[in-house]
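Consider the single chain below, provided in structure tokens and representing the form predicted on its own.
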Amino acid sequence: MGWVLALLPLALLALGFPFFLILLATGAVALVAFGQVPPTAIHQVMFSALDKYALLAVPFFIFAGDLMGRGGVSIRLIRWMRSMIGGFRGSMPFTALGAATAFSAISGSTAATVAAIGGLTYKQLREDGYDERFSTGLLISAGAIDNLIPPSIGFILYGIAAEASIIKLFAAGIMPGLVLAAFFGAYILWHATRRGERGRPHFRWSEFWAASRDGIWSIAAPVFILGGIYAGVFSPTEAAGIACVYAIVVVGLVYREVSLAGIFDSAARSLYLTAQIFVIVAAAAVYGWLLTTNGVPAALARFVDTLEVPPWAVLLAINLLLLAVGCVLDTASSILVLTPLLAPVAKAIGVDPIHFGVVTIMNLSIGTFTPPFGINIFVGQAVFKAPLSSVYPGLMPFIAAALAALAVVTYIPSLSLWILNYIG
């Protein structure tokens, strides 16, 4: 059965089959041809995979993020950021990066962040004299921070696949997300210095207070949602439902920028994206179950142990694998297929499962803006109407910065784990 599980997915992928169908077809063929259990086990595994309370958070966070993205929240976050850093060198790129980071604490989708923040700041970047390469590279790569700053759908899926605490994963992702943003910021500063930009004395308390008053509901969203989780007031799934109610109230009643029809349209779009994710969850569960019942993860862990290589080298090899997979497959598929394989290996070399979850998500986040098939690249191309001949070169400096950040997060576990000392 092993060769079927290894070779058939590659053959079907080369033929262009949808990924969920690849996993289902592989599981069905392996089970019918070589299995000792009835084919009805496929249905049982699929339904069991979806029968998880934590998965309810996925559609709720998607819906809340979509509503806030189209309901004026992103506009107010950008204005608030610019009111604080408008006098700094490279103020507009820093504003875009800061807004993307703040919006990441509201949205659970990297593509949504690229579309929401990029759609509002790209024109301003170009008007401030930044070329197409730099502008697209910044906005497409900044969306990846969304996968690390909670609420993150990636962490929810990893927590389910690895049976790890989603609350701890959320907390552990905050500092790595800020580290990634800091490395992007370092490149922005270098680029602005190279262009000969000078800081301008634009900061005014009056503008800051006006932007804060206007955007208080937007600024308070992540504080209210994440603060409630870490204070133990509600679980991540309950927080997702509360986030939906909060989003409806803010964009529908406070800002009044989304009508009832718009709310239903946002719900329909969220249902469509949720269905795409859940069908992958169900299909990946079948494939993962077959791998586990055939002892593949345990065998892989034993094989790595027999190599007697240092843990840092194993982590480096895992990083390279995840980076390669992340720029070809979507994040959800990569998490659900690779976590059952790699988590036992990481445990065998003494890596904390929460830290490994952060490393996994960070790798796959970088894959979202890595050529040739990073999903954020095509979202950005559609939003900015920029050719790939400009997008690809513009991404290279940000990929280099992200890899440097990944190395720091991978080999300094305390960056991820220190905050867990303050969580019950």
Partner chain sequence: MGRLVFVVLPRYLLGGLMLIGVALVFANVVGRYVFSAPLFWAEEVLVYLVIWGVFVGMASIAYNGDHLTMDLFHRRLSPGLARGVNAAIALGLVAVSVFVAWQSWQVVTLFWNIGQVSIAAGIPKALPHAAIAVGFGLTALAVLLRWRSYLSGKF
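So that the term is clear: the rigid core is the largest set of C-alpha atoms that superpose within 1.5 Å between two forms. The structure presented is a predicted model; accordingly, all values stated were derived computationally and were not measured. Residue numbers count along the first chain shown, from 1.
The form predicted in complex with the partner chain exists for this protein as well; it is not shown, and the discussion that follows is about that form.
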Though the partner chain is not shown, can you say which of Cys244, Ala99, Val179, Leu342 has a heavy atom within 4.5 Å of it in the model of the complex? Cys244
In the model of the complex, the one of Ala299, Leu271, Leu321, Ala220 near the partner chain [non-hydrogen atom within 4.5 angstroms]: Leu271
Of 123-131, 141-149, 236-244, 181-189, which is the one stretch near the partner chain in the model of the complex, taking non-hydrogen atoms within 4.5 angstroms as near? 236-244
Taking the partner chain as it sits in the model of the complex, is Leu21 in contact with it (heavy atom to heavy atom, 4.5 Å or less)? yes
How about Met46 - does it come within 4.5 Å of the partner chain in the model of the complex, if we only consider non-hydrogen atoms? yes
Leu13: heavy atom within 4.5 Å of the partner chain in the model of the complex? yes
Using heavy atoms and a 4.5 Å limit, would one call Tyr53 a contact residue for the partner chain in the model of the complex? yes
Can you tell me which bits of 388-411 touch the partner chain in the model of the complex, meaning any heavy atom within 4.5 Å? Leu388, Ser389, Tyr392
Please say whether, between this form and the one not shown, the C-alpha of Phe373 moves by 2 Å or more once the core is aligned. no
For a quick test of reading the superposition: does Phe60 move by 2 Å or more at the CA between this form and the one not shown, rigid core aligned? yes
Once everything's superposed on the core, is His43 shifted 2 Å or more at the Cα between this form and the one not shown? yes
Just to spell it out: taking the C-alpha atom of Leu271 and the C-alpha atom of Leu338, is that distance smaller or larger in the model of the complex than in the structure shown here, given it changes by 3 Å or more? farther
At a change of 3 Å or more, would you call the C-alpha separation of Pro371 and Phe17 in the model of the complex closer or farther than in the form supplied? closer
